[in-house]
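Just one chain follows, in the form predicted on its own, and it is written as structure tokens.
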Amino acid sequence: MSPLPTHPLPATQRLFFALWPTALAAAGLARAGKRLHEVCGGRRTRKETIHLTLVFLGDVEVGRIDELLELAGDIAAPPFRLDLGQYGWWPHNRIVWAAPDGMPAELAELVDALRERLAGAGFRFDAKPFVPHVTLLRKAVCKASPLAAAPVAWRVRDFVLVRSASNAAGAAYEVIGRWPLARSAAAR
């Protein structure tokens, strides 16, 4: 009998920091995606994968994941409300998105804190200017303008580190770390 083939563990994992919506916010965003799908077509984001990316890291060495988990645990940021009432379409990548009506200062501070700590620890990440949005549709073509759907209010109380893997159904996401936002640094 020959031994079973062994598959080496991957040396890297595809990771990103994100805001993961509450069940209520995810349901509202899924309804908005369904409504906009009627107008623009494309492929809807599955309700269980809806998120707002804070920092995209890409492929990270597996041996450095614990360092990421520790680094994120040192971040102190307050909870905040995110009002998603702007909807649009980017023709260049055929993405339909929901965005906040305005940038909450707490959101900008959270992203800045993450980027600062990541850079200080030597992690590489997508350093393009932060444009907060939730992807609702991919491969869409929108002829209507402006796009309209019901606004979604989201009480942001934590942020997460997510592992992404591609499969036949699209991307599969696994939350591998979660950190609560606290009212003050002293509360942490």
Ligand code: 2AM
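In this text the structure is predicted, and so the values were computed from the model without any measurement. The first residue of the sequence shown is number 1, and the count goes up from there.
In what follows, reference is made to the form predicted in complex with adenosine-2'-monophosphate (2AM), a form of this protein that is not presented.
Of the candidates Ala72, Ala99, Val111, Ile95, Ile95 is the one whose heavy atoms come within 4.5 Å of adenosine-2'-monophosphate (2AM) in the predicted bound form; the others do not. Residue Asp126 is the only one of Asp126, Glu61, Glu67, Glu48 with a heavy atom lying within 4.5 Å of adenosine-2'-monophosphate (2AM) in the predicted bound form.
Heavy atoms within 4.5 Å of adenosine-2'-monophosphate (2AM) in the predicted bound form belong, among the stretches 116-124, 28-36, 131-139, 145-153, to residues of 131-139. Taking non-hydrogen atoms only, Trp179 never approaches adenosine-2'-monophosphate (2AM) to within 4.5 angstroms in the predicted bound form. Along 48-77, a non-hydrogen atom within 4.5 Å of adenosine-2'-monophosphate (2AM) in the predicted bound form is carried by His51, Thr53, Phe56, in order along the sequence.
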